[in-house]
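To begin, one chain is listed below as structure tokens, in the form predicted on its own.
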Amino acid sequence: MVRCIRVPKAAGEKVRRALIDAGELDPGHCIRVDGDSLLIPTTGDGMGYPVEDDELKAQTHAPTDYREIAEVPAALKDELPSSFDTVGDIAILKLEEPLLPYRHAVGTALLRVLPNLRAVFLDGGVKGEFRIRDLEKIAGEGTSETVHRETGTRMLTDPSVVYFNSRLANERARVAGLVCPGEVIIDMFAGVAPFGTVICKHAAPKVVYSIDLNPACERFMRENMRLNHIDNLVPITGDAVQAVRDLPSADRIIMNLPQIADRFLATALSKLKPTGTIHMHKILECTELPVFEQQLKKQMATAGYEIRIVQVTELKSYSPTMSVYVFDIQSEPLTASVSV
């Protein structure tokens, strides 16, 4: 039997809210309709309504936030991250130092609230020139190799072996929407070719050359071609600066190397058709954006290129004061008035 109060239906919602505010609503049992009354389970004195016992059904509460059930000390609850990356059927999250001893409990909590997940990995940061993640499995089964689904595509990846950023889905869709039929596209730092995969699936380019320095990427690129029935993507393993020399001029060049992409902009401009566009990613302090744009124009003028920055879009936050931006850049004929 469960302690409850009998309340007229018309007053039911008002009383329920009052019980919640007072901390006297029993969340473990359901409210029951009895004629013109509601029987509301309570832990209090009834708020002036008749108190009685009744066989109310148990309330099953399925948590949707892993932080509710993660078995960590109460003092550390606020340290639990509110966001994490999902790649295919795995989750990747970062934890502050005090939470590391409880990482397995955190991973288990994530699996409980997200049944589509197979495994959870702790992110130890990006390492090496190949931009791969240092991952430790903290819950679940299997490896970090997974098939990620995005805008009607399937992409095999493994963030511990090759570069992949699931948070760029909107940018990949945006670029694909800009591609005109018959374009020649170069992706200079392609990873497993998610840009090329989405573009080939949803646009009609003549060819996408997907280049990456990491030799492990080519297997994933070729598998993604097979999974998505693509035959106009060309995987290339090697240094992008060297590889582009042997490629035809491009209508569109993608530069997703946000730490240092601007160092290679002159190389990209050398392979860009006069009417082409470059999509260059860059991590910047938010306050430095206007200065960076001016410096970039001067640097390219020194290299012999006058550029026009058509659009700058903030893709995602990188830190409390920094963001990842994408610069849509076009080349213009160099004029004598350019100041360097």
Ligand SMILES: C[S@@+](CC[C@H](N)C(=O)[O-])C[C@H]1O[C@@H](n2cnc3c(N)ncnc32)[C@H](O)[C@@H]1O
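As the structure is a prediction and not an experimental result, all values here were calculated from the model. The numbering used is simple: start at 1 and walk along the sequence shown.
Missing here is the form predicted together with this ligand; even so, the following discussion is about that form.
You can rule out all but one of 82 to 90, 163 to 171, 136 to 144, 97 to 105: in the predicted complex, only 163 to 171 has residues with a heavy atom within 4.5 Å of this ligand.
Of the residues given (76, 156, 113, 213), 213 alone sits with a heavy atom within 4.5 Å of this ligand in the predicted complex.
Residue in contact with this ligand in the predicted complex (any heavy atom within 4.5 Å), chosen from 238, 248, 152, 124: 238. Mapping the unseen interface onto this chain, residue 188 counts among the residues with a heavy atom inside 4.5 Å of this ligand in the predicted complex.
A residue is said to contact a partner when one of its heavy atoms sits within 4.5 Å of a partner heavy atom; residue 148 fails this definition for this ligand in the predicted complex, lying far away. A residue is said to contact a partner when one of its heavy atoms sits within 4.5 Å of a partner heavy atom; residue 184 fails this definition for this ligand in the predicted complex, lying far away. At a distance threshold of 4.5 angstroms between non-hydrogen atoms, residue 220 is out of contact with this ligand in the predicted complex. Taking this ligand as it sits in the predicted complex, the stretch 68 to 94 never comes within 4.5 angstroms of it through any non-hydrogen atom.
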